[in-house]
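Shown next as structure tokens: one chain only, the form predicted on its own.
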Amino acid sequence: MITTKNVIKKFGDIEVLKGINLSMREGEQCALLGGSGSGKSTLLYLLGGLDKPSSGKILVARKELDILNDEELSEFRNQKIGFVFQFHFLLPSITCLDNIYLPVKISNRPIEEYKELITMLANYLGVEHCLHKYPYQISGGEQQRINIIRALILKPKILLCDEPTGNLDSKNSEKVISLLKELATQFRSTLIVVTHSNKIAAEFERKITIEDGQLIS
């Protein structure tokens, strides 16, 4: 599902990723560990087609991302990838429910098919009371859980999470990690969770550590 071949990423003269070789199967789940500045978020953005490598190749779901144009990348992300960022990026001018529906509308799919899944996820994460509110009317933790529902709604084949529990308390952090793993299994999604927490990483059978732009384990 995911293969990188000698991926290098530079920002100016600074080499952030230094020849990354990584392979993940369909349905595989892993934690990507690393300290601040290690390159873990940069790698995640490259795998999600949000940025392009300076050199090397990235294949995701049999697509070579570094040769796709912006329009092709946008369509690929909508169809195949779910993102959960540490910051929620909800649109403030529409309700939380409409934020969740955005990927559905972009893909021109019927909204009615997703109502049951949204209700189930909202109830599990305890944000059913937030659906008809605007993002500014709910807490940061609630906004993050709405963001997670939006990322999961199209049952993506690749689920990329950058510190998804960074704004949550320990109880909700456990629920979110459990939900991500459970639904990734159900959807046969390949799941990568970027974290600096050894406790969260312990929930995953496979752990990948990145340090100074290189995979060290």
Ligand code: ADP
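Counting begins at 1, following the sequence as shown. Because the structure is predicted, anything quoted here is derived from the model rather than measured.
Not pictured, yet referred to below: the form predicted together with this ligand.
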property: This ligand: the contacting residue among Ser41, Asn172, Asn167, Gln29 in the model of the complex [heavy atom, 4.5 Å]; result: Ser41
property: Per-stretch contact check against this ligand in the model of the complex, the hit in 151-159, 178-186, 54-62, 30-38 (non-hydrogen atom, 4.5 angstroms); result: 30-38
property: Distance check, Ala201 to this ligand in the model of the complex, heavy atom within 4.5 Å; result: no
property: Contact label in the model of the complex: Leu22 to this ligand, heavy atom within 4.5 Å; result: no
property: Contact set, 9-25 vs this ligand in the model of the complex - heavy atom within 4.5 angstroms; result: Phe11, Val16
